[in-house]
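As structure tokens, one chain now follows by itself in the form predicted alone.
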């Protein structure tokens, strides 16, 4: 047998075991990091440092999403508001509320409010907010009826297949641009205006990528 297999073949079983161990470790680390509630679970609703009620601010008071998420129309990220934005109102309204002490401390020191991020895309996924909202995709399509949530939760799965469903059929998700930030509005398709949706897609050259390189860059 020694004439058939070289002496180095004796190390092959150990090398295979090491390879399988490394592969298993990488797979476990990947699943542990990305397949957590913060990335996949619909209903993920972490406790925030400040009890900000979206149903009050965005719902009852009708504050536009862009007042707090100011960069959503021009940036890949939607941004979270600085304490200054909060204090524009809360320097007068509930100015001494103990629930807002974290905001006042942030305003005094310049340190950011330690918000817990809810909607996390994995590092290998590229997503641009401005591209979507400027092409008739409403906040509600990805985040749900935030204007009815006391505590914001992950309302959609944000899985690859979920994204591709929209990219393959954008006409069913498109809204009139003036309705993008109206979370109670309906898509053109739901209004029975599917022809208008297709016209919008043609006129605005809406061509969502369905190839890997579209989102994995």
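Residue numbers count along the first chain shown, from 1. If you're wondering where the values come from, they're calculated on a predicted model, not measured in any experiment.
A second form of this protein, the form predicted together with a small molecule, is not displayed here; the remarks below concern that form.
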Handout entry: residue 206: touches the small molecule in the predicted bound form, heavy atom cutoff 4.5 angstroms
Key = yes
Exercise for the section: Please run the contact check for residue 48 against the small molecule in the predicted bound form: heavy atoms, 4.5 angstroms, yes or no? Expected result: yes
Exercise for the section: Considering only heavy atoms, tell me if residue 166 and the small molecule come within 4.5 Å of each other in the predicted bound form. Expected result: yes
Exercise for the section: Could you confirm whether residue 106 comes within 4.5 Å of the small molecule in the predicted bound form, counting heavy atoms only? Expected result: no
